[in-house]
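Okay, so here's just one chain, in structure tokens, the form predicted alone.
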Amino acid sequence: MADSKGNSLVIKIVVVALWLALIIPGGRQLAAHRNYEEAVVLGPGVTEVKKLSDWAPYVANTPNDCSIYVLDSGVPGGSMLVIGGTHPEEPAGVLSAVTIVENVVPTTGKIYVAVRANRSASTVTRPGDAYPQFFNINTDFGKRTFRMGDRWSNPLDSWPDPEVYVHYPSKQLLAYMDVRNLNRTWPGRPDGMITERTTRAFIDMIKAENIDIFVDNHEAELEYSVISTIVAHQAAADVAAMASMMLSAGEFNMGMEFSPTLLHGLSHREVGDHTDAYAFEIEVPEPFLDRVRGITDEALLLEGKDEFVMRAGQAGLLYEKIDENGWNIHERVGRTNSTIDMIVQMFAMFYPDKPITYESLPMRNDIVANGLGHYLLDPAQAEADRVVYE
């Protein structure tokens, strides 16, 4: 009897030891990702860095009290807000925002940028889908490391999910996890869950700063019909249509779609309905997100090459073309930047009394030719007060 009890104790100890051997290293990796400080260098055009809570105190001391980079020309004109990181699993949107912060010098009007609009969602990935925790961009000085993220806010910051998400104020029923989706919770509410509070904070900011142009950077899987397109609120349709036409007649095809009037919570719908800003969403292709993909690794994230996605295209299952060249990060960021620039140009054509002009925005042809990393600054060479950590 004693030997039996002893053997049972030994087995329990071994099981616990094996469990700890698996849990502790994994927990350390998750903690390192969640707490990683992602550097953003303040370029010559950045005049101020504020926090979202400066406009909305109810997001203070939360993971989503993100940095807002202000590029003020000092010359009267229009104003624009660009947000990246609505869905941090779509890195081209984040990197586009970084290139604006680190390169652009405004000459008329004012530009606001949020690199990580849903910072919470950048502190978690999808281990079940084998997402990489980080990705690296080769630069002129070495590598810059960025966090990979998820589509939804971190459950550690937003718990519990409801059985059904009831959108405010429309009362439309959405999937339970969309209470953590920054592109389903607009216009938000100050006493809601963290993602709802975040979108409401941006609404308050847009109103307070009289933002004229709002741009939400995104990427889409090739299986999704809303791809290679500008989605625009009806009030902004003329500007979007002209931008689409000019881009498609020149460098690359970029479609235009109206924001659906009956689907609530989307940025381009609610920002347009609840503020005076012209609201746009940019969608560029990202094969990493396709469900038919192969190995989900950093190479796929950055190179955008996948034989299974190509086969899906050959079978007519995709809404965008893909070949052996794939959709690399340089092309995707470049298209995002060139689309932002064309929106600004077309807005100026319709509203010449609200000009937004600037220098040094890396455009698609430049980024493809020189590489994205050429337009990223070295945090190690910057003054300490010119580096912000996301």
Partner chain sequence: MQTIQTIIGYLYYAIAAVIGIVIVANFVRSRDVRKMLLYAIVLSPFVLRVLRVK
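Positions refer to the first chain, counted from 1. Values in this document were obtained by computation on a predicted structure and should not be read as measured data.
There is also a form predicted together with the partner chain; it is not shown, and the following applies to it.
task: Please pick, from 148, 302, 81, 193, the one residue with any non-hydrogen atom lying within 4.5 angstroms of the partner chain in the model of the complex.
output: It is 193.
field: Contact check for 15, 157 and 160 against the partner chain in the model of the complex, heavy atom at 4.5 Å
entry: Yes: each residue has a heavy atom within 4.5 Å of the partner.
query: If you check in the model of the complex, is residue 70 within 4.5 Å of the partner chain, heavy atoms only?
result: Residue 70: no, not in contact with the partner chain in the model of the complex.
message: How about residue 124 - does it come within 4.5 Å of the partner chain in the model of the complex, if we only consider non-hydrogen atoms?
response: Yes, contact at 4.5 Å.
task: Spell out, yes or no, whether the shortest heavy atom distance between residue 189 and the partner chain in the model of the complex is within 4.5 Å.
output: Judged by the heavy-atom cut-off of 4.5 Å, residue 189 is in contact with the partner chain in the model of the complex.
message: Whether residue 39 contacts the partner chain in the model of the complex should be assessed with a 4.5 Å heavy atom distance threshold; does it?
response: Heavy-atom contact with the partner chain at 4.5 Å: absent for residue 39.
message: Where, within 29-52, is there a heavy atom within 4.5 Å of the partner chain in the model of the complex? Residue list please.
response: Going through 29-52 in order - heavy atoms within 4.5 Å of the partner chain in the model of the complex - the hits are 30, 31, 34.
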